[in-house]
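Shown next as C-alpha cells: one chain only, the form predicted alone.
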Amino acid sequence: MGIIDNINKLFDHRIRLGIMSILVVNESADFNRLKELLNVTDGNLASHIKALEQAEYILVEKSFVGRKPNTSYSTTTLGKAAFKKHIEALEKLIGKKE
C-alpha cells in the first residue's frame, strides 16, 4: 500500500478540509458561522457543503430561530471516520522518512 492511498480526494480542497475540521471539533455549526470562520462567499461554501452532504459526511438540519431560517451542519459517523483516516494518512506522509 502506498503512502498516499488513504488520502481522501474529497478533502483536497481547503474549504472542505476547513468545514470538516470545524465540524469534527464542534457538535455542529450553522452556515453563517462556517462562512465567518472560513471567510468564503455563500455560493462557495454552499457548493462545498453540497459535496460533503452528497458523500454523506455531513448532516444538514434546517430549523427556525425566531422567524429566521437557520441551517446547521454536523458530521456523520462515516464523515468522522473518513476525516480521521485522511488526517492519519497526512500525518503518516509528513512523518515518512526515506
Partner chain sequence: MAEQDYLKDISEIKNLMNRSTRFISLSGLSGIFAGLYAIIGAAIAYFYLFPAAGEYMAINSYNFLLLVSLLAVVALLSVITAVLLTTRQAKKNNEKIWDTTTRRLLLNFLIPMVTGGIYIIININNQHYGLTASLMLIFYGLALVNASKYTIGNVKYLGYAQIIIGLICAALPGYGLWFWILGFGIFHIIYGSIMYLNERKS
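Positions refer to the first chain, counted from 1. Remember, predicted model here, so these are calculated numbers, not experimental data.
FYI, the form predicted together with the partner chain isn't displayed, but the following is about it.
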| item | value |
| --- | --- |
| Partner contact for T76 in the predicted complex: the partner chain, 4.5 angstroms, heavy atom | no |
| Contact flag, L10 vs the partner chain in the predicted complex, heavy atom cut 4.5 Å | no |
| 4.5 Å heavy atom contact, L38 and the partner chain in the predicted complex | yes |
| In the predicted complex, T71 touching the partner chain (heavy atom, 4.5 Å) | no |
| Neighbours of the partner chain in the predicted complex among 14-44 [non-hydrogen atom within 4.5 angstroms] | R14, L17, G18, S21, I22, V24, V25, N26, R33, E36, L37, L38 |
